[in-house]
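Single chain ahead, written as C-alpha cells, the form predicted on its own.
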Amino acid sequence: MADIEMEIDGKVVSAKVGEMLIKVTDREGVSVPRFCYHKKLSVAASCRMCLVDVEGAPKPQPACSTPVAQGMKVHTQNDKAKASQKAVMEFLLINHPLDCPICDQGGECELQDVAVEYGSDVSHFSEGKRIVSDSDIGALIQTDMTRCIHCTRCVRFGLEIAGMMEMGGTGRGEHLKIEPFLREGIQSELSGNMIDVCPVGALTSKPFRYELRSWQMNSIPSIARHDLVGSNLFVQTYKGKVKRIASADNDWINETWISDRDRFSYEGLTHKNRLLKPQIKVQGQWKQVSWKVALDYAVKGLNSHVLKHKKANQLGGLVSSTATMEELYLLKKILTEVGCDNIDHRLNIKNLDNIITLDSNIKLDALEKIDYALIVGANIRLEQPMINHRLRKATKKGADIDVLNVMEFDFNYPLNAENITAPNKIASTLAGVLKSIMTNNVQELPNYLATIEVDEVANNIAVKLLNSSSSVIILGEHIINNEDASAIANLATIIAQSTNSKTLNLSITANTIAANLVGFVPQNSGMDVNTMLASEMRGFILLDIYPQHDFHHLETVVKAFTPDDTFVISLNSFKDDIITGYSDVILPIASVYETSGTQFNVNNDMQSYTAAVKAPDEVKPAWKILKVMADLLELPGFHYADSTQVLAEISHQPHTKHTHDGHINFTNKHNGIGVIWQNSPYSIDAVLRHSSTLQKTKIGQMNSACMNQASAEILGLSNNDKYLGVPVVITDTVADDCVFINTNHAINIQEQA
C-alpha cells in the first residue's frame, strides 16, 4: 500500500492507504482513549470513546474504524473532540459501580485511567444503577458483570482467537449483558487472555482475587517453559512470592497471548508438597540435613559405589526435558569428567532405535502464512495451543488443513479432511502419499514403495501438497512410540523435499531442543536410558525426574533404581513417594521462575531469563548444586559465579545436530491393539501437576481410555471399566486397533505394560 500524508493535531505524518486512524495515532504517540479497540481483535467501534474531529466530516468520527485518506486533517484534542469524548465517558459511567477500592482491576483499569482525564465529578444521571448477576464461568476467571461496559473484547477474543464463542451478548438496551452461552462455563485452553483484554474489572483472575494491587508488585520479564513456544510473559511478584502471570508482547513468538497453563502454573510453586530441605537416607530412614552434609553424603556415595571402583561405565545421568540448557550442560560435563558417557533425556521412548529425527524448518509467524498443512499424530490444540493459534489464523486466510490421527479431536478451525486410521497404518498412508507424488512427478520409485497401494486419502493429500505454494507437514507427540516412528519421520522429510514443503516436529517438548544441542544423549559407547534400566548400574544422578509421569514403563524404572548397591541422587522440586523409595539423597531444586536459565523454542530462538523470585527455604537452583558437586568431586573447570558464565561456555562448544538417516523400513502388518498414552496438557510437568486451579478445569480433569466397540470387544471391556488404570470410554471416534489414553494420572505400576 502506498504512503500518504495527513495531519494529526497540526503535525504532518505518513500513513498507509486503508489504515485505520487509531493505528496511525498510536504509532505517532498521539493519545486517543478507547475501550472496545484492541490491536489483535476486529474493530467493533461500539464504545465510541475514540471519537475525534475530522475536518470535513459532519460529526466526530471513531478513530478505530475511520480509514485514513490523503490530506486528511484530524484533531484529537480540540473542543469538539474533547466534548464528544467526555459525553461518551459520562454514558459509560451511568451504570458502572463506584467500587474502585474493592475492585481487583484497581490501579490497572483502563476505565479508571480514562475517567480521570475525561470524566466529570458531576453526573446528570440520577436513576438507580442496574445490577447484573454474576455467572460462575469456571475455576480460572472471576466475573463481576455489573462492571461490564459491553466493549465485547471478550466476545471477539473467543470468536476470533480462541475459536470458541463462549461469551456473547444477550438482551437489548438496558437489559443487554455479556454472559457465557454454555452452562459449563469457559473451557478454552486460552481463556485466561480474556482477563488481559477486559478493560474493566468485569473479568479478573480467580486465583488472584483480593490478593494485591498492581502497584505493589514487581514485574519481571520471563519465558514460559511448558511447551515448544517459550511464550514471553511477565512474572508479577510480591515479597519474594509469585502472585500473578501476565502476557508480554512478542509478535514473533506469542504475539500478545499466552496459554492458560503458562498463566496459572505458578500456583504449584507454593504447594504443600514442595521439597524444602535436603534429605539423606540413613539405614532406611530419611533425615533432613544441611546442604553441606547432604552434598558430602552424595559425593561420598558416588565415590564409594562408583568412582573408587573405577566403574564410571556403571553410572548414569538422566534428566527431564524441563531442565534448563545450563543444567543439561553441567550434568553432562560432570559425567564426562568422571569418565561416564551414559546420559539421556529421552525417557518416554520405548525403542530408541526407532526415533523421530525430523527438522523443524518453519518459523512460528510463518505458520499463519501457509496455504496447506498436514498434521500427523497430534491433538495440537491442547498439546501446543500457541502453535495451534497460528494455524487457526492461517485457516482464516484460506489455508486447508488435513489431519491424519488415530482419534477425532476437537479442532477449533475447519478441516479439509480428518482422516482417522490405526497407528500401524499411518506409515503406509504416508508412503502412499509419497508414491502418488513421485508418480505425478514422473520419478523412479524406490523399492520400499513397490507394494504400497495408494488409496483415496493418500492421493488427496498428495494432490494438496503438489498444488500448494506454501505447505507444512507437522508430526505430533502421538507418533513417539509408534512402531514405525522413524519411518514416518523419514517419509515426512522426503515428502517435504519432494513438494518444497516445510516441516515442524512437535513430537519433542519443553527444552528438548536444548538437550539435543548440548548433546545430552549417549556419548561414544555410552548407554541410552533403556539400556541403563536393563543393566546392572551402580549409580544414577536424576534431575527433575518423576518416573510415574516421565517413563513409559514404571515397574522397569523402579526395579533399576532400587538395588541396595545402586546409589541414587535425585534433584527434585516436589515430594514423591516413589522417589523416596529408591533415592539415597534428595536435593531440593528451584522450579520455574525461581532460577535463571536458557530455553530453545521451535524457532531455534535462544531465550534466557533470570530468576523472578528466590526459591523458598533452603531450595537451590539445580545449576548451582551441580557446580558445587563438581567442586567437591575436585573436577576442573567449574568456576562459575552465575549461570550466564555457563551459557557463555556453552556458546563456544560445538552443537550436535540430528538429521534423518533416510532409512525407510516399515510393515503394514497387524500388531495387535496399539496404545497411545498421553498426559493431559495440565499434567506434563511437576509444577503444572501441583497447580490446583488448573486441575479443577475440564482440561485438567481429562482421564479416559478411548476405544471403539471392536477394540473393546477384543479386550473384553465395557464403558467405565478400567484399562491400565484409566476409565474406559467406548466411542466411534477412535480408529480400529487403537486405545487412546489421555490422563491426568500417573502410570499404574502394576498395570502398565
Partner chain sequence: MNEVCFKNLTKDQCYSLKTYEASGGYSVWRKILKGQLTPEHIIDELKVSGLRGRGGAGFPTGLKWSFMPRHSDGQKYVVCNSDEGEPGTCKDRDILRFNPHAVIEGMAIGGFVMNASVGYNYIRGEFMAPFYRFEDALKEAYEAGLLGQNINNSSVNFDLYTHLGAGAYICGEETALLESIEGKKGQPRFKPPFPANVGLFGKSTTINNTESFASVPEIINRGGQWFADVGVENSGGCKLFSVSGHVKNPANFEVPMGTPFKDLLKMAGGMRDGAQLKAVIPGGSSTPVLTAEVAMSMTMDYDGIEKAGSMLGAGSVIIMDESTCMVAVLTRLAHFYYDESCGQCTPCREGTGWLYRVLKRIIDGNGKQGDIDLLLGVQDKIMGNTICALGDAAAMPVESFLRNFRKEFEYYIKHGKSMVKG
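None of the values given here were measured: they were computed from a predicted structure. Numbering follows the first chain given and starts at 1.
The same protein also exists as the form predicted together with the partner chain; that form is not shown, yet it is the one meant from here on.
Asker: Go through Ser704, Ser46, Asn708, Gln695 and name the one with a heavy atom inside 4.5 Å of the partner chain in the predicted complex.
Answerer: The option sitting close enough to the partner is Ser46.
Asker: Using a 4.5 Å heavy atom cut-off, which residue among Glu90, Asp642, Glu211, Glu649 comes into contact with the partner chain in the predicted complex?
Answerer: Going through each option in turn, the one that passes is Glu90.
Asker: Does Val726 make contact with the partner chain in the predicted complex, using a 4.5 Å heavy atom cut-off?
Answerer: Answer no; every heavy atom of Val726 is more than 4.5 Å from the partner chain in the predicted complex.
Asker: Would you check, heavy atoms only and a 4.5 Å threshold, whether Leu51 touches the partner chain in the predicted complex?
Answerer: Contact with the partner chain, yes.
Asker: How about Pro60 - does it come within 4.5 Å of the partner chain in the predicted complex, if we only consider non-hydrogen atoms?
Answerer: Yes, Pro60 is a contact residue.
Asker: Taking the partner chain as it sits in the predicted complex, is Gln283 near enough to touch it, meaning that at least one heavy atom pair lies within 4.5 angstroms?
Answerer: Residue-level check for Gln283: no, no contact with the partner chain.
Asker: Just one stretch in 60 to 68, 23 to 31, 708 to 716, 681 to 689 has heavy atoms within 4.5 Å of the partner chain in the predicted complex, so which one is it?
Answerer: Of the stretches listed, the one contacting the partner is 60 to 68.
Asker: Counting only non-hydrogen atoms and a 4.5 Å cut-off, give the residues of 122 to 141 close to the partner chain in the predicted complex.
Answerer: The stretch touches the partner through His124, Phe125, Ser126, Glu127, Arg130.
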